[in-house]
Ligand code: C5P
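Shown below, as structure tokens, is a lone chain in the form predicted on its own; questions about how it binds or moves come after it.
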């Protein structure tokens, strides 16, 4: 079976972390570098796709005529950008490490060190992957990422079903030399009906190629 040509399709990718501000100088965040999302964007652009890259705060840049970068900071900003861009895209790959919660109130001034303890109330952020999965049409493909530390396959499979995604890319923090901050990754791709593809540890550019080829071979329609 011939691999589906990806040239010319509109693709939405999220990358990096989100920062949820506590006050003007502090935030809640994570260790995501955005390397996986940027690698996906570069590979897709080189194949001729038109890429819309919604990026959280990262120390990366990508200049390619087929890539437009939308810089955001918070989960709410990323959500708004994705909701705006998704209707014109045939493929969405949600590789960003989006904060599940944000502070209920952001202090206008730096929080001073006073008491021995500090309580911060958090509220849930919107679930970008679940929202896109709920509104996608039959012509759109939505791929999510899952970073798990236990019961990896079970949790990723449940995420696939719950979020109505077409595929979940699973990576585990228990795999040495992969994940946040690394140039390498070790993934499994979970598709509906219990189909699972496992890959060895590779550099993230090669991992991006594996993910896109899997999408071309098993999800995209001619």
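Predicted, not measured: the structure shown is a model, and the values here were computed from it. Positions refer to the first chain, counted from 1.
What comes next is about the form predicted in complex with ligand C5P, which is not displayed.
Just one listed stretch, out of 113 to 121, 83 to 91, 97 to 105, 133 to 141, contacts ligand C5P in the predicted complex at the 4.5 Å heavy atom level, and that stretch is 97 to 105.
Interface residue among 186, 52, 163, 35 relative to ligand C5P in the predicted complex, by the heavy atom within 4.5 Å criterion: 163. Contact check for residue 152: every heavy atom lies farther than 4.5 Å from ligand C5P in the predicted complex. Residue contact check for residue 127: one or more of its heavy atoms lie within 4.5 Å of ligand C5P in the predicted complex. Using a 4.5 Å cutoff between non-hydrogen atoms, residue 26 does not count as a contact of ligand C5P in the predicted complex. In the predicted complex, ligand C5P lies farther than 4.5 Å from every heavy atom of residue 64.
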